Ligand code: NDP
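Just one chain follows, in the form predicted alone, and it is written as structure tokens.
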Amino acid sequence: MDVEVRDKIFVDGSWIKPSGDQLTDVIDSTTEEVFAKVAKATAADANKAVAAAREAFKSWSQTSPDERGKYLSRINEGISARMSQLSEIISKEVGTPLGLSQFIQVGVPASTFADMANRANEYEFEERIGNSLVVKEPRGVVAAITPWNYPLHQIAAKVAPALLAGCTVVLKPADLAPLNAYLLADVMEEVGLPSGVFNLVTGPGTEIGEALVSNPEVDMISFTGSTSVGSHIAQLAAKDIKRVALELGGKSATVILEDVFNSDETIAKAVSGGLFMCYLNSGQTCIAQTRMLVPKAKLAEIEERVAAETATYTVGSPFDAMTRVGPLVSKKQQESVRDYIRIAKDEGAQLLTGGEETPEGLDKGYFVKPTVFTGVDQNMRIAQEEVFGPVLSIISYENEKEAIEIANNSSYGLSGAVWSSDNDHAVKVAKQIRTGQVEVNGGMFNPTAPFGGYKKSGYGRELGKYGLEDFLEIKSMQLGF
């Protein structure tokens, strides 16, 4: 098997050798083999990238939104032209089934750049309020630190609005899934983005991430990842009063209301929708709906339906058209999920289907069976902690008030879902769930609507108009004329 080597970093418009000569292995999550190696940069390299971004900010911040939008449009075209290559790479890195990779892992990021390009001429960067001219200006140099589960999507959600705002960027992608970021840097070079506006530095978060967050020339940090790391970043950033946007963990609930059971079709949709949002990307999704809340009187019926439908989630290679659940990203993640399955059993949860055993015929690869527990108490670890794997907890409730209380009984508040036979009723319940977004009766994810969390799921918003505004400062100019 050929191993691709990307031993340089992208700084100040050029591919340069980092100060060290070490490389990081990139593992194919299906075969467990090294399929690529990328540069392992140092803090000195990160600081060099920040210096380039700071210098580039002087001119980039003065360009017109229209000009910046034209670059974003060309970046969208460059990503779209690499759809097949990027999809295959991300499926190897993360384990997402190829069809979903094409749509979610590449299609959505491309559309994010397109959306920001369209906003270049729509968004009002200036407005008059009385005798004041209120202007919205770029925050400055942005350090974007991104995760591995939706690698290009999370990069686009930060880089596209930052560039439109007039900021310059230093990107530190996840070590487990860095190759897609290299292809994005290739696109940046191809479209002729001015030197230093976008910089790519790969390496361990403990060194590169710390250097970026601590560098006084960085004006803003946009981070997606675990709550513990997000808290650490916020504390470091507070020393210099840096702006911080955090998109962290989640423990989302699918709330199936009692009136759903008036229609067999509605019940089927609720179960299907909840399972899809639990098992999507092998459960490696911050908005995964890993708790299913159901009326106690209907528990047995839900158990039967969930077990039957889970059996249709074929586990296998992401390159097999029959696969619905691919491998997890790494051996470490696989072991973590298996540990949670064991913990759930020890705490008294009842295993309905799945388990920690290796799926039949899949001895190679970081696979875990889609697993469902029932009889789950809302305070069990399996119901409170982010598993980040294909594991569902079914929790029963006595009445609607208790369902809402259970849904809100979480330190997280990122997403959720409500199912009802009455749309108005569903919306009424959704408004009582303390999360940044709620799917109502199967509403699809909207990549132009604001995305972000309450509570320990973070602060700030990504995507669409609100995502752009996170990268803008507001200035009032009091006019005497």
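Residue positions are given as counts along the sequence shown, with the first one as 1. As the structure is a computational prediction, the values presented were derived from the model and not from experiment.
The protein also exists as the form predicted together with the named molecule; that form is not presented, and the subsequent description refers to it.
Participant: Within 4.5 Å of the named molecule in the model of the complex, counting heavy atoms only, one of 148 to 156, 264 to 272, 353 to 361, 318 to 326 shows up; tell me which.
Facilitator: Partner-contacting stretch among the options: 148 to 156.
Participant: Considering only heavy atoms, tell me if Gly365 and the named molecule come within 4.5 Å of each other in the model of the complex.
Facilitator: So Gly365 does not count as contacting the named molecule.
Participant: Using a 4.5 Å heavy atom cut-off, state whether Pro161 contacts the named molecule in the model of the complex.
Facilitator: No.
Participant: Considering non-hydrogen atoms and a 4.5 Å limit, does the named molecule approach Phe388 in the model of the complex?
Facilitator: It does: once the named molecule is placed as it appears in the model of the complex, Phe388 has a heavy atom within 4.5 Å of it.
Participant: Going by a heavy atom distance of 4.5 Å, is Gly95 a contact of the named molecule in the model of the complex?
Facilitator: The answer is no: Gly95 has no heavy atom within 4.5 Å of the named molecule.
Participant: Look at the candidate spot formed by Gly203, Gly209 and Val229 and say whether the named molecule comes within 4.5 Å of a heavy atom in all three of them in the model of the complex.
Facilitator: Yes, each of Gly203, Gly209 and Val229 comes within 4.5 Å of the named molecule in the model of the complex.
Participant: Sort through Ala174, Met220, Val376, Ala288 and report the residue having a heavy atom within 4.5 Å of the named molecule in the model of the complex.
Facilitator: Selected residue: Ala174.
Participant: Since exactly one of Gly249, Pro370, Gly196, Gly140 fits, which has a heavy atom within 4.5 Å of the named molecule in the model of the complex?
Facilitator: Only one listed residue qualifies here, and that residue is Gly249.
Participant: Are there residues in 322 to 349 with a heavy atom within 4.5 Å of the named molecule in the model of the complex, and which are they, in order?
Facilitator: Only Gln333 sits within 4.5 Å of the partner.
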